[in-house]
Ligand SMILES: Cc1cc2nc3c(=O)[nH]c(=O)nc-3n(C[C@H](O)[C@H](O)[C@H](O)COP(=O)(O)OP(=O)(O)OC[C@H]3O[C@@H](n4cnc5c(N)ncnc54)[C@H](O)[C@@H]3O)c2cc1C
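First, one chain by itself: the form predicted alone, in structure tokens.
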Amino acid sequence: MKVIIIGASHCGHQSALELLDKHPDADVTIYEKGDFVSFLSCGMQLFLEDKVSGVDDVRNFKPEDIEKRGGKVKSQHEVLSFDADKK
């Protein structure tokens, strides 16, 4: 099974974890347009108010967390379209 997840926010991360837990042989890849994966939008206020010490404190996961489970994370990859019929 091959699964492509578009967006490395909390939803993308959680989807990848669920798939890799239930289907460890699946080929799971997350594509993220930006260079910073897993930004917690609710962490923006904490960061701007200096309530967290660094930008990594507003991450939900690091790419290595998915890669350790056999998944892949491709940052700086913008998905413009996909053809579900052709997979």
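All residue numbers refer to positions in the sequence shown, first residue = 1. Being a predicted model, the structure only gives us computed values, none of them experimental.
Another form exists, predicted together with the named molecule; not displayed. Remarks below refer to it.
With a 4.5 Å cutoff on heavy atoms, residue 21 does not count as touching the named molecule in the predicted bound form; it lies far away. Contact annotation for residue 3: none of its heavy atoms lies within 4.5 Å of the named molecule in the predicted bound form. Although the partner is absent from this view, residue 10 contacts the named molecule in the predicted bound form, with a non-hydrogen atom inside 4.5 angstroms. Taking non-hydrogen atoms only, residue 78 approaches the named molecule to within 4.5 angstroms in the predicted bound form. Heavy atoms closer than or equal to 4.5 Å to the named molecule in the predicted bound form belong, across 51-71, to no residue whatsoever.
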